[in-house]
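What follows is one chain in structure tokens, specifically the form predicted on its own.
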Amino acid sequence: MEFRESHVYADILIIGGGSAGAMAAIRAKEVNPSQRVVIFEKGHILYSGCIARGMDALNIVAVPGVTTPELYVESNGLACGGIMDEPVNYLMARRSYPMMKKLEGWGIFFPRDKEGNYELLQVHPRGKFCLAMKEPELKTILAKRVLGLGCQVFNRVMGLQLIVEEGRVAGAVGINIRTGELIVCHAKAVILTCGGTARFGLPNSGYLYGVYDFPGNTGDGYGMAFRAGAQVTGFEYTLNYYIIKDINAPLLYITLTRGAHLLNAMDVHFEDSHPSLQSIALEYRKDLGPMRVSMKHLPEAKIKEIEDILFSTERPVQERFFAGRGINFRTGDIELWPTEFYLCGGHGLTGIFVDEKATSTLPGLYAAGDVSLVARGHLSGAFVFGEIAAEEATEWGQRNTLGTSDPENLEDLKRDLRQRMDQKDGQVSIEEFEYKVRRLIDDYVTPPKNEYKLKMALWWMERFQKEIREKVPIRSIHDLFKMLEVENIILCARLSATASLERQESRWGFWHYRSDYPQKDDSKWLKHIMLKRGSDPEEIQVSHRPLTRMR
């Protein structure tokens, strides 16, 4: 098969059209309407990303007179176990209120009480920062603004590799996941906004795509940045949540902050309206689970309020799911269960390392959203740093010229893709291969961790990297696209195992629990574990970076 190629030119290329990518595109056009903005979106920009439809809250807003950015830095530092760069998170919190007012100006609804105060929920260790939102068409609103401003969107295009010229990023190559056409975008700057690694461990349902975050997020951005030479960090932070069993949809804080009860299997009631995930995990691992949410005691008006949020804004498929299970909030409980383990910057601490300007360690490359490290930044972090990345990339573009030469290794890439398409003799389907990879990730990469398991993880991932070229038949472009995704998952597992081996302590509750180093050790490990590609493309170099404090 021949892979046709098209060349496009941009001032800014954005890879990922979710929340951060859409906001970056909008801001880039606001800053300079004449600049050319191109987006590669793996799905379709109208309904892609982790916020594929609506959202019930803007997670972090420092409302003047109620909270402060300084209090948020203190609060988030506790939630991050101390591994947090304060200036990055301070800037995000400082810009959060103007961002919310901007969204409000676009018609996005943030409810207020009779006195005109915004509805703020207590979901952080200190201070009320979670601001209620009721906007079932949030993603559509963002996408329409992107298109209305004249940004060029390539839907169904997956980012393959960054173009690096003379030590700086000068564009990227993408592949259309339906036709196989290669899109070569020459750009002055690139902003990565293509999410974390949702398909990492396996969900309890066994369904490959039944994951908590957008299942198209397979660590593509982590892989592109790492292979190009940018530093990544936080891969030892292997994250999971406790949410609705078999559908992996959010529920806990939407209900508990509105009066629902949290019970364990022995009917013991948790009094805290914001219990930590670690406390829920402990109940589960003490064989006192599954945990349940009960709303039978709530008045009808409050139940209808919760249903309105869940069924219109936050994943409307839940209405059909509960009906199919015969669950009525007025009479039955909702069972919670642990999600798969995954890697994410927005909910966790995994990402491309960036500073307060959303700048990576590779010139010309910026990152925002779940693919970047803005510790536990959630949707607010995606929006704010999407804007920051656009502002800084615009300024960078004004100082640099557009590279127009063909990528040196484009022919090598096309040759490699043709070789993959010629793989016809293998006997293991790509779906079966992915299942095996992710089952072994569950066995060896996720907690409880120890040196033996993590070294076995590295052994298995090296083996998988070879076997995917030998045992998997490629029947179509769709299989090729899945193979590229699985290779990114394998790389992310190698990065996670390497970082987990390096951090010889336990931190963040169960999320990085080393049974051979069960105690937290601030004296040695209150710092970032940084990973970078070595001179050999398969080599992972490990270094340490001190935390940045407020000046």
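Everything quoted here is computed from the prediction, not taken from an experiment. Numbering starts at 1 and follows the sequence shown.
Below, we turn to the form predicted together with a small molecule, even though it does not appear here.
Checking L252, I388, M158, A375 for any heavy atom within 4.5 Å of the small molecule in the model of the complex turns up a single hit: M158. Checking W396, Y212, F464, F341 for any heavy atom within 4.5 Å of the small molecule in the model of the complex turns up a single hit: Y212. Interface membership of I15, defined by any non-hydrogen atom within 4.5 Å of the small molecule in the model of the complex, is confirmed. When the small molecule is considered in the model of the complex, G346 lines it closely, a heavy atom lying within 4.5 Å. Remark: L336 does not count among the residues lining the small molecule in the model of the complex, judged by a heavy atom distance of 4.5 Å or less. In the model of the complex, the small molecule stays beyond 4.5 Å of every heavy atom belonging to G234. Residues with any non-hydrogen atom within 4.5 angstroms of the small molecule in the model of the complex fall in just one of 30 to 38, 55 to 63, 518 to 526, 493 to 501: 55 to 63.
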